[in-house]
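Shown next as C-alpha coordinates: one chain only, the form predicted alone.
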(Lines give C-alpha, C1' and ligand atoms only; values in the text may rest on other atoms or scores of the structure.)
Protein backbone atom coordinates (compact mmCIF):
# COMPACT_ATOMS: atom_id res chain seq x y z
CA UNK A 1 0.00 0.00 0.00
CA UNK A 2 2.89 2.35 0.75
CA UNK A 3 4.24 1.87 -2.76
CA UNK A 4 0.88 2.78 -4.28
CA UNK A 5 0.56 5.78 -1.98
CA UNK A 6 4.00 7.01 -3.08
CA UNK A 7 3.08 6.52 -6.75
CA UNK A 8 -0.18 8.47 -6.38
CA UNK A 9 1.25 11.32 -4.31
CA UNK A 10 4.38 11.50 -6.45
CA UNK A 11 2.37 11.69 -9.66
CA UNK A 12 0.15 14.48 -8.34
CA UNK A 13 2.97 16.63 -6.97
CA UNK A 14 5.15 16.02 -10.04
CA UNK A 15 2.38 17.09 -12.42
CA UNK A 16 1.77 20.19 -10.32
CA UNK A 17 5.51 20.97 -10.37
CA UNK A 18 5.52 20.56 -14.15
CA UNK A 19 2.65 23.01 -14.58
CA UNK A 20 4.23 25.51 -12.20
CA UNK A 21 7.63 25.37 -13.92
CA UNK A 22 6.36 25.29 -17.50
CA UNK A 23 5.34 28.95 -17.50
CA UNK A 24 8.79 29.80 -16.14
CA UNK A 25 10.55 27.97 -18.99
CA UNK A 26 8.08 29.30 -21.59
CA UNK A 27 8.91 32.90 -20.67
CA UNK A 28 12.63 32.20 -20.83
CA UNK A 29 12.38 30.28 -24.10
CA UNK A 30 10.40 32.97 -25.93
CA UNK A 31 11.56 36.26 -24.38
CA UNK A 32 14.80 35.27 -22.66
CA UNK A 33 13.61 36.44 -19.23
CA UNK A 34 14.32 34.53 -16.02
CA UNK A 35 11.51 35.83 -13.83
CA UNK A 36 12.70 35.63 -10.23
CA UNK A 37 9.29 36.84 -9.05
CA UNK A 38 7.72 33.60 -10.31
CA UNK A 39 6.77 32.35 -6.86
CA UNK A 40 5.02 35.65 -6.21
CA UNK A 41 2.65 35.09 -9.14
CA UNK A 42 1.72 31.65 -7.80
CA UNK A 43 1.05 32.89 -4.28
CA UNK A 44 -0.88 35.99 -5.40
CA UNK A 45 -3.20 33.74 -7.43
CA UNK A 46 -3.70 31.35 -4.52
CA UNK A 47 -4.31 34.15 -2.02
CA UNK A 48 -6.92 35.85 -4.21
CA UNK A 49 -8.63 32.50 -4.86
CA UNK A 50 -8.71 31.92 -1.09
CA UNK A 51 -10.05 35.39 -0.32
CA UNK A 52 -12.81 35.28 -2.96
CA UNK A 53 -13.75 31.63 -2.52
CA UNK A 54 -13.48 31.28 1.26
CA UNK A 55 -13.43 34.67 2.94
CA UNK A 56 -16.13 36.15 0.69
CA UNK A 57 -17.94 32.81 0.52
CA UNK A 58 -18.36 32.80 -3.27
CA UNK A 59 -17.26 29.19 -3.71
CA UNK A 60 -14.26 27.34 -5.08
CA UNK A 61 -14.95 27.90 -8.78
CA UNK A 62 -15.53 31.66 -8.62
CA UNK A 63 -12.48 31.87 -6.37
CA UNK A 64 -10.46 29.94 -8.96
CA UNK A 65 -11.57 32.31 -11.71
CA UNK A 66 -10.53 35.30 -9.60
CA UNK A 67 -7.19 33.63 -8.89
CA UNK A 68 -6.46 33.08 -12.59
CA UNK A 69 -7.36 36.70 -13.33
CA UNK A 70 -5.00 37.78 -10.53
CA UNK A 71 -2.24 35.67 -12.10
CA UNK A 72 -2.72 37.41 -15.46
CA UNK A 73 -2.78 40.88 -13.88
CA UNK A 74 0.37 40.17 -11.84
CA UNK A 75 2.18 38.73 -14.86
CA UNK A 76 1.31 41.80 -16.95
CA UNK A 77 2.41 44.10 -14.12
CA UNK A 78 5.72 42.22 -13.96
CA UNK A 79 6.25 42.66 -17.69
CA UNK A 80 4.96 46.21 -18.16
CA UNK A 81 6.32 47.74 -14.95
CA UNK A 82 9.57 45.82 -14.45
CA UNK A 83 10.81 43.89 -17.48
CA UNK A 84 9.91 46.02 -20.49
CA UNK A 85 11.13 49.36 -19.06
CA UNK A 86 14.52 47.78 -18.34
CA UNK A 87 14.72 46.14 -21.77
CA UNK A 88 13.91 49.45 -23.50
CA UNK A 89 16.06 51.66 -21.30
CA UNK A 90 18.65 53.77 -23.12
CA UNK A 91 20.57 54.35 -19.90
CA UNK A 92 21.32 50.68 -19.17
CA UNK A 93 23.94 49.17 -21.55
CA UNK A 94 22.54 46.34 -23.68
CA UNK A 95 25.04 43.82 -22.29
CA UNK A 96 23.87 44.54 -18.73
CA UNK A 97 20.10 44.49 -19.26
CA UNK A 98 19.75 40.78 -18.52
CA UNK A 99 21.38 41.29 -15.12
CA UNK A 100 19.13 44.27 -14.41
CA UNK A 101 16.04 42.22 -15.36
CA UNK A 102 17.12 39.49 -12.93
CA UNK A 103 17.63 42.06 -10.19
CA UNK A 104 14.38 43.86 -10.99
CA UNK A 105 12.25 40.70 -10.91
CA UNK A 106 13.97 39.55 -7.73
CA UNK A 107 13.10 42.83 -5.99
CA UNK A 108 9.58 42.69 -7.41
CA UNK A 109 9.19 39.24 -5.86
CA UNK A 110 10.28 40.64 -2.49
CA UNK A 111 7.76 43.46 -2.85
CA UNK A 112 4.97 40.98 -3.62
CA UNK A 113 5.94 38.95 -0.58
CA UNK A 114 5.83 41.97 1.71
CA UNK A 115 2.52 43.22 0.25
CA UNK A 116 0.86 39.82 0.68
CA UNK A 117 2.23 39.51 4.21
CA UNK A 118 0.79 42.94 5.06
CA UNK A 119 -2.63 42.31 3.49
CA UNK A 120 -3.19 38.64 4.40
CA UNK A 121 -0.50 38.09 7.10
CA UNK A 122 2.06 35.32 6.59
CA UNK A 123 -0.08 32.61 8.19
CA UNK A 124 -0.42 29.61 5.83
CA UNK A 125 -3.84 29.21 4.25
CA UNK A 126 -5.49 26.51 2.15
CA UNK A 127 -7.50 27.29 -0.97
CA UNK A 128 -10.93 25.66 -1.05
CA UNK A 129 -10.57 22.44 -3.12
CA UNK A 130 -12.43 22.14 -6.41
CA UNK A 131 -13.48 18.61 -5.49
CA UNK A 132 -13.92 17.90 -1.75
CA UNK A 133 -14.02 14.48 -0.14
CA UNK A 134 -11.80 11.40 -0.28
CA UNK A 135 -11.46 8.50 -2.68
CA UNK A 136 -10.63 4.87 -1.88
CA UNK A 137 -8.33 3.89 -4.76
CA UNK A 138 -7.22 0.23 -4.64
CA UNK A 139 -7.30 0.33 -0.86
CA UNK A 140 -5.45 3.66 -0.57
CA UNK A 141 -7.44 6.55 0.87
CA UNK A 142 -6.58 9.71 -1.04
CA UNK A 143 -8.18 13.18 -1.15
CA UNK A 144 -10.29 13.58 -4.28
CA UNK A 145 -8.63 16.95 -4.81
CA UNK A 146 -5.33 15.15 -5.44
CA UNK A 147 -6.78 13.40 -8.50
CA UNK A 148 -8.48 16.52 -9.84
CA UNK A 149 -5.22 18.46 -9.42
CA UNK A 150 -3.32 15.97 -11.59
CA UNK A 151 -6.15 15.82 -14.16
CA UNK A 152 -6.47 19.61 -14.52
CA UNK A 153 -2.69 19.99 -14.75
CA UNK A 154 -2.46 17.51 -17.61
CA UNK A 155 -5.43 19.04 -19.42
CA UNK A 156 -3.75 22.46 -19.22
CA UNK A 157 -0.43 21.00 -20.40
CA UNK A 158 -2.22 19.33 -23.31
CA UNK A 159 -3.97 22.57 -24.27
CA UNK A 160 -0.63 24.38 -24.21
CA UNK A 161 0.91 21.72 -26.46
CA UNK A 162 -1.95 22.11 -28.95
CA UNK A 163 -1.62 25.90 -28.85
CA UNK A 164 2.12 25.83 -29.54
CA UNK A 165 2.15 23.05 -32.13
CA UNK A 166 -1.19 23.35 -33.93
CA UNK A 167 -1.95 27.08 -34.22
CA UNK A 168 -0.45 30.04 -36.08
CA UNK A 169 -0.09 31.82 -32.79
CA UNK A 170 1.97 28.94 -31.43
CA UNK A 171 4.22 28.91 -34.50
CA UNK A 172 4.94 32.59 -33.93
CA UNK A 173 5.93 31.81 -30.35
CA UNK A 174 8.25 29.05 -31.54
CA UNK A 175 9.77 31.33 -34.16
CA UNK A 176 10.33 34.04 -31.55
CA UNK A 177 12.19 31.54 -29.35
CA UNK A 178 14.40 30.35 -32.24
CA UNK A 179 15.10 33.48 -34.30
CA UNK A 180 13.44 36.70 -33.08
CA UNK A 181 15.39 38.87 -35.54
CA UNK A 182 14.21 36.76 -38.47
CA UNK A 183 10.63 37.01 -37.25
CA UNK A 184 10.95 40.80 -37.14
CA UNK A 185 12.30 40.85 -40.71
CA UNK A 186 9.19 38.94 -41.81
CA UNK A 187 7.01 41.81 -40.55
CA UNK A 188 5.90 40.44 -37.17
CA UNK A 189 5.92 42.72 -34.16
CA UNK A 190 7.87 41.14 -31.32
CA UNK A 191 6.27 43.35 -28.66
CA UNK A 192 2.85 41.83 -29.42
CA UNK A 193 4.27 38.31 -29.27
CA UNK A 194 5.96 39.02 -25.96
CA UNK A 195 2.72 40.50 -24.60
CA UNK A 196 0.89 37.34 -25.65
CA UNK A 197 3.39 34.99 -24.04
CA UNK A 198 3.21 36.91 -20.76
CA UNK A 199 -0.59 36.57 -20.78
CA UNK A 200 -0.25 32.80 -21.34
CA UNK A 201 2.31 32.74 -18.57
CA UNK A 202 -0.12 34.51 -16.24
CA UNK A 203 -2.81 31.91 -16.96
CA UNK A 204 -0.41 29.02 -16.29
CA UNK A 205 0.90 30.63 -13.09
CA UNK A 206 -2.65 31.37 -11.94
CA UNK A 207 -3.85 27.80 -12.40
CA UNK A 208 -0.69 26.35 -10.85
CA UNK A 209 -0.94 28.69 -7.85
CA UNK A 210 -4.58 27.79 -7.18
CA UNK A 211 -3.96 24.05 -7.43
CA UNK A 212 -0.86 24.35 -5.27
CA UNK A 213 -2.80 26.33 -2.67
CA UNK A 214 -5.52 23.69 -2.50
CA UNK A 215 -3.09 20.75 -2.50
CA UNK A 216 -0.26 21.88 -0.20
CA UNK A 217 -1.48 25.22 1.16
CA UNK A 218 0.35 28.50 0.65
CA UNK A 219 1.70 31.60 2.36
CA UNK A 220 3.64 34.72 1.46
CA UNK A 221 6.64 33.00 3.06
CA UNK A 222 6.49 30.30 0.35
CA UNK A 223 7.44 32.72 -2.46
CA UNK A 224 11.26 32.24 -2.38
CA UNK A 225 10.93 28.45 -2.11
CA UNK A 226 8.47 28.26 -5.03
CA UNK A 227 10.72 30.40 -7.22
CA UNK A 228 13.72 28.28 -6.27
CA UNK A 229 11.83 25.06 -6.96
CA UNK A 230 10.74 26.19 -10.44
CA UNK A 231 14.25 27.45 -11.20
CA UNK A 232 15.77 24.12 -10.11
CA UNK A 233 13.38 22.14 -12.32
CA UNK A 234 14.02 24.34 -15.34
CA UNK A 235 17.81 24.23 -14.90
CA UNK A 236 17.78 20.47 -14.31
CA UNK A 237 15.69 19.84 -17.42
CA UNK A 238 17.53 22.39 -19.55
CA UNK A 239 16.80 26.11 -19.87
CA UNK A 240 14.12 26.68 -22.50
CA UNK A 241 13.38 22.96 -22.96
CA UNK A 242 9.70 22.13 -22.44
CA UNK A 243 10.26 18.36 -22.58
CA UNK A 244 13.19 18.77 -20.19
CA UNK A 245 11.02 20.70 -17.75
CA UNK A 246 8.36 17.97 -17.76
CA UNK A 247 10.95 15.22 -17.28
CA UNK A 248 12.77 17.09 -14.50
CA UNK A 249 9.48 17.84 -12.71
CA UNK A 250 8.70 14.13 -12.43
CA UNK A 251 12.24 13.25 -11.38
CA UNK A 252 12.21 15.87 -8.60
CA UNK A 253 8.60 15.17 -7.62
CA UNK A 254 9.19 11.46 -7.09
CA UNK A 255 12.54 11.96 -5.38
CA UNK A 256 10.94 14.39 -2.93
CA UNK A 257 8.00 12.05 -2.30
CA UNK A 258 10.27 9.05 -1.69
CA UNK A 259 12.40 11.09 0.70
CA UNK A 260 9.37 12.38 2.60
CA UNK A 261 7.91 8.89 3.09
CA UNK A 262 11.07 6.85 3.62
CA UNK A 263 13.42 9.31 5.35
CA UNK A 264 11.87 12.51 6.71
CA UNK A 265 9.51 15.20 5.35
CA UNK A 266 11.93 17.87 6.56
CA UNK A 267 14.63 16.48 4.24
CA UNK A 268 12.48 16.09 1.13
CA UNK A 269 14.28 18.88 -0.78
CA UNK A 270 17.85 17.73 -0.07
CA UNK A 271 18.26 14.81 -2.56
CA UNK A 272 16.82 16.88 -5.42
CA UNK A 273 19.32 19.67 -4.73
CA UNK A 274 22.18 17.15 -4.65
CA UNK A 275 21.00 15.76 -7.99
CA UNK A 276 20.84 19.28 -9.44
CA UNK A 277 24.44 19.97 -8.38
CA UNK A 278 25.64 16.68 -9.92
CA UNK A 279 23.84 17.34 -13.19
CA UNK A 280 25.24 20.87 -13.41
CA UNK A 281 28.72 19.47 -12.84
CA UNK A 282 28.41 16.62 -15.36
CA UNK A 283 26.01 18.16 -17.90
CA UNK A 284 25.72 21.96 -17.44
CA UNK A 285 23.09 22.34 -20.18
CA UNK A 286 20.65 20.16 -18.19
CA UNK A 287 19.24 16.72 -18.85
CA UNK A 288 17.54 17.58 -22.15
CA UNK A 289 19.02 21.00 -22.87
CA UNK A 290 20.79 21.68 -26.14
CA UNK A 291 23.31 24.20 -24.84
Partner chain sequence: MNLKGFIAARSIRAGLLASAATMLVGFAGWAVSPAQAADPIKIGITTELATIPGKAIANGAELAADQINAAGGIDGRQIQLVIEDDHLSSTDAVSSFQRMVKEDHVVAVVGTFVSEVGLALEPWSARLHEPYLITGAAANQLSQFVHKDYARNKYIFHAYLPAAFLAQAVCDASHDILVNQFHMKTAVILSEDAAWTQPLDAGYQGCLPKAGLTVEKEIRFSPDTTDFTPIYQQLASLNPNVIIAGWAHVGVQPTVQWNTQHVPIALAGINAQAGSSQFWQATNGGTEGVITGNVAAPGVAITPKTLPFSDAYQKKFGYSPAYSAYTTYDAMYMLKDAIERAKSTNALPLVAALEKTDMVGTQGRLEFLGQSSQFTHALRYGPGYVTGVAIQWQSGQQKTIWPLNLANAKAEFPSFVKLPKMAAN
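Everything numeric in this text was worked out from a predicted model, so none of it was measured. Positions refer to the first chain, counted from 1.
Keep in mind that the form predicted together with the partner chain is missing from the display, and what follows is about it.
Checking 216, 157, 169, 196 against the partner chain in the predicted bound form, a heavy atom within 4.5 Å turns up for just one residue: 216. Contact with the partner chain, judged by heavy atoms within 4.5 Å in the predicted bound form, is confined among 67-75, 113-121, 203-211, 188-196 to 113-121. When the partner chain is considered in the predicted bound form, residue 130 lies well away from it, no heavy atom lying within 4.5 Å. Contact between residue 141 and the partner chain in the predicted bound form is found at the 4.5 Å heavy atom cutoff. In the predicted bound form, the partner chain stays beyond 4.5 Å of every heavy atom belonging to residue 15. Proximity of residue 243 to the partner chain in the predicted bound form: non-hydrogen atoms within 4.5 Å are absent; the residue sits far from the partner. Residues 265, 266, 268, 269 are the members of 265-279 with a non-hydrogen atom no more than 4.5 angstroms from the partner chain in the predicted bound form.
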